[in-house]
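Shown next are two forms of a single protein chain, provided one at a time as structure tokens under the names structure 1 and structure 2.
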Structure 1
């Protein structure tokens, strides 16, 4: 029966078995086997896809698969190298067992190889799946290079998108952006390893995927609503509140009424603009195109020959929502929020003024701030009003914690991020934002300005009032 087997079958199998008996291939076999055994033990974790910490995650979901595939690769590499060293495939010797299906030990060997290959394919598929899934996890993106990503990760957790994975905005769907992101990710890993990345990370992010391909996976312009009521609460130094009530004209992209989105990203609308700076803050020319009709607006002192040299950009979500997820606060805004929430008691005398001063001081490291900020708040009361301190010690201590919390989620000396480092383009109070174009100075040839009327974007129902009548009427307050 042995003789009936085609000769090529035997000739092909024999050298592989013979040549695989070398050091490199044996190391490969040990690696694959060890990784496979670990995988079996860690199967519950692998099926769950979650590790207890980012470092354990790297070990489990990246190092283990690497070992496995490295081992698989070493086996053929060893064979090729060994063959080269022997100067070709040695001839079949009589010491080698008979290569025939009727030889029971060979039969066992082949069945063994078949079963192992099948198991390896299963394990390999699972390892690959977990490795790619892990590299897309918030844990990996946000925590692996801890110092580098800490500011964005911290702001992210404090944002409406804290349940949206980083990759949903940064990579989006489809294979080509996935590959691109892995390639640029490789460069970033090298930069972090060499410690030569820029601090702070420069914006706008150069290779960010166009917003309309990512944001619109979840927010589609046709769906944007009508008006939205916003109540903004501010505190003064005496701890008294004032409220502004705005009816934001959100506007839909379809026929859902005019408004902010209809005007810029609605059907048939295309806005282009030139900017002289990388941050896109200085905009001397805007072109408003709607259903083929175009209108140019020029800033007051804009010169056409300068504009011709500038970068031109088509407006999308990111020109207003450039901080949808990494929204760093102003010290004033953050204090308003913490005081409204009660984490910092608004009736602590002078708390706002003292906190602002302490927050705006320069701290060279997180450790320094962590020891100095709470101490400074307590000292303020101990020294300036000892009887407030003795009567309201708990409130002072809670305020001290609150002030540090504000600092910790917004300032990152290790990444050179301070108050206002990252500009937010929504609104017009803290940064130019909408008023980059809607400043009343951008005019078309017939003298019409990009609208600045205070009721264009929102109806101002109340502005800095102690108790706005409109809220009582609506039954909100």
Structure 2
């Protein structure tokens, strides 16, 4: 063995040439060739990086690259298996071309292999890049798994972040979180394929990246927010309008004194809390720290031994803004918004009352709701206000479409999502929200309670007034 000479390049090359002549390697060659040909014809689409539909995107940016790389893998796999079957390196037949650079056939073969290898590297790089980019696209996130993500995608399209890509918040920057998200996504793909995913999708998202690494890339907490005017418009069953006016004390930055962000995410502030439920609605213990000083607040009847067994979380943006891009409305709030926008005529008699009754009915499928809701609105006026229907048929039909639009944006029977399924922690009118902690019952050892003074967060300038004087003075319509 010590005198064995190293194999020449010819001896190393001829097994590869000989052994590639097998069925598995041929299949690999066919896959690579077919994928390359399709890539050439579809090159404009790949350069653009967009597909006309989610399903076409799957074929272009996922299926085609998979076939290409599968083919590349099959070629060496076939060689290895064929060699094992032959019991080692085979001898060449007498008809086999001479392995010499002077042989034109061998030169052409090597040049061909070099060109094809370069082309495969070019095609593979483009396919890999486009596949990665497609998996980060809104189209892939929202439409590929249509039934599963339809509720979240619908809410996202009507949110302030509707022009922000999903991955900006759900993954953020950096390769580590990208890899973690894709590994997590593999299990979700299997669940969708086997149709055993949870309905509705459980919230909050487990192991969500901290908001300081995503939200705060755009929403800088050191920026002072100041005070902001908020006008809430409400309609009664007769279409009469009332308005409530709030001056929201946002605060933030290095500001002192009152302010929502000043108190919760201001400089030197660190808040931790324990929750006894997965939805983080029951909070028996809060630790408020500021500039190194800490104070513990316990809910009534909370026991320290029970709290010690609970999950403890450091508060960030997502504890209040828990649905920043996927917020679902209440039927009352959605009707007020549509009526204020004129999509549903406020002066249609009894429209709000009728619409609420229709919206709150139980529909077993989207198809049933799409058929019955518009018909129910029209039937209400045909049977109870025939004169209104005859005179304002167009307004009634427009209202019917508006009521269906409200339902379609908020209720999804296929995913078991109904009114109030997903809790929104902003505010305290529809859900506990702020009152999870600010209920006056969370107290420290010295009897001090977590503040519930309304003026800490906002000043009430008008309450259910037809024409608030403050709006006239401010010149606000």
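Positions refer to the first chain, counted from 1. In this text, rigid core is short for the largest set of C-alphas that superpose within 1.5 Å between two forms. The structure displayed is predicted, hence computed values, not measured ones.
- Annotation: structure 2 represents the form predicted alone, while structure 1 represents the other form.
- Once both forms are overlaid on the rigid core, the distance between the two CA positions of residue 416 between structure 1 and structure 2 is under 2 angstroms.
- Once the rigid core is used as the reference frame, the Cα position of residue 445 differs between structure 1 and structure 2 by 2 Å or more.
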